[in-house]
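The chain below stands alone, shown as structure tokens; this is the form predicted on its own.
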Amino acid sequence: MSSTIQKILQLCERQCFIQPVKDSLDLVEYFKFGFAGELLKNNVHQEWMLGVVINADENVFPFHSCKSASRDIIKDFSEPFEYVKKLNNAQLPFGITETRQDVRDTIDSSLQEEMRYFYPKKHTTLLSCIFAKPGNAMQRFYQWQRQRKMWWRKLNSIVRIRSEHVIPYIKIILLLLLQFSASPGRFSLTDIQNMPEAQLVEIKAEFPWGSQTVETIRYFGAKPFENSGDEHKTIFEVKDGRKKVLPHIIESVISLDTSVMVFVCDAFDEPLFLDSPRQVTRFHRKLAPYKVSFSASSSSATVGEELSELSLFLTKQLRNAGISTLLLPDVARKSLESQFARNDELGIPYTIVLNDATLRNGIVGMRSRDTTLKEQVHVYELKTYMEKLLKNY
């Protein structure tokens, strides 16, 4: 096993992200998610819903079935399709998504050890189907490939330094100083493969130990209806002008559990701090389990208590605004560097630093995980400023 994946797995266990549970064949049976991993998984799922449902070009309708999936599009989607067809006045295009608990039939035991960590037997599948007009379905297939590739690239761990936050010459310096382990170029599309049942495209992520498939996209056309009965064909018939046609189907599938592992590996970095390497997970702000944490340095126990009370007040403000905030009891008891190191491992983008002067002038330092620099913000402006930072990519 490569040293990099070993370090990532050790960090994941130490900071309660994700722990692979293996079976007797040394294959991953399932992933055990810790508190940070559950938040990360939820954020990935939310961003997937935002990408394929909320921001979709057509109406897309999510549903969840309690029935076990047959992996047959016609059987699995006939019930929701009938309802959506009526709601959409039998007009194409539209889409349906499903989040389902799944079990892989087989896992290739010959996979190299590093790759096995991306294929848990029990996992959550995120499935999206677009039902398109026959005339422009192929065009939608190509468009969907581009959109999905951009989704993965958008959520990689590259930091976007915005011009309104730093003056131009500092921006140039920061860009030169930053050391990132990931880049948008990590994610790429394969060539189209012509399979008997569909045309297949994969989105892959390149890592030092190999290439990992993160999403599969299939264009079935109308082939799924060829072997289905007349009853199913009637259910799926829709209008195209004055004609009745069968939709062409584009399917997209990702594993939520695999996606979490991919984003953790993508975010992992070991930059130098004071000539020594420090492990950092550079999650995109939208994916980071916690967006903000607090640390404090005080000249006395009394001041430390006052700073702890202030950090609690600010935490409540941020949480009430929907900003995931971590506040631990050692906020004024451990050294700043030890707190920064822990927050960097947890992937927290911003640490709010309080000190004695904060009690006099209301100014806090907002430390960036990725630049390690601090900017000054007044406590009354902190919530509004954080909302603006996190609203934008």
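This structure is a prediction, so every number in the text was calculated from the model and none was measured. Residue numbers here begin at 1 and follow the sequence given.
The protein also exists as the form predicted together with a further copy of the same chain; that form is not presented, and the subsequent description refers to it.
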Quiz item: When a further copy of the same chain is placed as it is in the model of the complex, which of 249-257, 265-273, 200-208, 81-89 ends up with heavy atoms within 4.5 Å of it?
Solution: 81-89
Exercise. Answer yes if any heavy atom of P62 is within 4.5 Å of a heavy atom of a further copy of the same chain in the model of the complex; otherwise answer no.
Key: yes
Quiz item: Though only this chain appears here, would C16 touch a further copy of the same chain in the model of the complex if you measure heavy atom gaps against 4.5 Å?
Solution: yes
Quiz item: Is R342 one of the residues lying within 4.5 Å of a further copy of the same chain in the model of the complex, judged by heavy atom distances?
Solution: yes
Self-check item: 4.5 angstroms heavy atom contact with a further copy of the same chain in the model of the complex for W48
Solution: no
Self-check item: in the model of the complex, the one of I323, V214, I74, L307 near a further copy of the same chain [non-hydrogen atom within 4.5 angstroms]
Solution: I323
Quiz item: Of these, F220, W152, Y119, Y290, which has a heavy atom no more than 4.5 Å from a further copy of the same chain in the model of the complex?
Solution: Y290
Practice problem: Counting only non-hydrogen atoms and a 4.5 Å cut-off, give the residues of 20-52 close to a further copy of the same chain in the model of the complex. | Solution: K32, F33, G34, F35, E38, L39, K41, N42, Q46, M49, L50
